[in-house]
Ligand code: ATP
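Presented as structure tokens, the chain that follows is alone, the form predicted on its own.
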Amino acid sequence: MEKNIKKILETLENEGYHAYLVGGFVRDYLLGTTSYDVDIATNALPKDIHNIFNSSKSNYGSVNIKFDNYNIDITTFRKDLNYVNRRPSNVIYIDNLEEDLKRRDFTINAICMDKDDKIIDPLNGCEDLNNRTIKMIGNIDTKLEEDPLRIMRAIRFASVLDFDIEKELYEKIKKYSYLVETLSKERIKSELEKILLSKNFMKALKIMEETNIASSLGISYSHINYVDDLLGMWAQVKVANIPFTNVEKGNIIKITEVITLGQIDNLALYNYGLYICTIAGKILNINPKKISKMYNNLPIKSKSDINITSKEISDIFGTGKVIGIIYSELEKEILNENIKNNKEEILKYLKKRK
């Protein structure tokens, strides 16, 4: 255990409280992977936690601490009551670890660890972890109706961890698939992005098809090549009404256009740039090193690189729109290597053209 995390647990215990690591950090630790999001559950009340750590940062009754790459939330044992819009309208602080764990979503996310690395597992999450199974805690109907995001989280964990969803939960996801339509588009985007970043993304997409969630969310795709870039993935997976920034939208459109071209040539590199062409190239199974070399060897990278001035063009063709037309023509001719980018050859080409 990282020494600063252990120190937080020891600090709480020295003040007379119980404190445990819980959730994804413990799950990932047992799976042998590194996590930097740390949840600590304690019977100390929020005001006590604030006083102990002299912290002013609070989120729904939890105290947040950051150091190095770690993001730590310290939360009091609680019961969540009367969910409204995915959040409990009433929270009761309690002094019972197991009761606190029962409010969580899946058994694999309810395994605890104390400061001595001892595992506390009253809900048998370790068994499900060993069996590679996503199993809901408590009444499945209630949990999914309280917070439909748990549907997307179950699918995401099944995909990212390559686990199976427990049969009863799977059938309930089918039953309540329509509830995902009540989630905000930002939440849907966030979950889908975590899925698309996983090389096992197709497992999630297939589950969403089988459970009618793909239909509910308006997800469509044909063949998808995994790339380690979200916009590259979004260029291949269409989802209705997903909120993208203007920059994201523009880049997705550009990547799609290059994919449609089916190749990376000098014109594509010139018009779309190295980033767009590298992502599109990965989708088209073109070696990024080859694309980078092509880009570095471009005879021109912008109109300003063309070795002729607008005055020299106007001396031949006159002023007006014709100058822009000539520049566009020269771009293509130079990039297609029909003429070299030197003044003498360009002037010769233009005089002959006239």
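Start at 1 with the first residue shown and count on from there. Everything numeric in this text was worked out from a predicted model, so none of it was measured.
What follows is about the form predicted in complex with adenosine-5'-triphosphate (ATP), which we do not show.
Joint contact, 6, 121 and 122 to adenosine-5'-triphosphate (ATP) in the predicted bound form, by non-hydrogen atom at 4.5 Å:
Not a single residue of the candidate spot has a heavy atom within 4.5 Å of adenosine-5'-triphosphate (ATP) in the predicted bound form.
Against adenosine-5'-triphosphate (ATP) in the predicted bound form, would residue 172 count as a contact residue? Criterion: heavy atoms within 4.5 Å.
No.
Taking adenosine-5'-triphosphate (ATP) as it sits in the predicted bound form, is residue 157 near enough to touch it, meaning that at least one heavy atom pair lies within 4.5 angstroms?
Residue-level check for residue 157: yes, a contact with adenosine-5'-triphosphate (ATP).
Indicate whether residue 153 is a 4.5 Å heavy atom neighbour of adenosine-5'-triphosphate (ATP) in the predicted bound form.
Yes, residue 153 lies within 4.5 Å of adenosine-5'-triphosphate (ATP) in the predicted bound form.
Taking adenosine-5'-triphosphate (ATP) as it sits in the predicted bound form, is residue 236 near enough to touch it, meaning that at least one heavy atom pair lies within 4.5 angstroms?
No.
In the predicted bound form, the residue from 135, 104, 254, 78 that sits within 4.5 Å of adenosine-5'-triphosphate (ATP) by heavy atoms:
Answer to the contact question: 104.
Exactly one stretch in 196 to 204, 104 to 112, 213 to 221, 227 to 235 has heavy atoms within 4.5 Å of adenosine-5'-triphosphate (ATP) in the predicted bound form; which is it?
Going by heavy atoms within 4.5 Å, the stretch is 104 to 112.
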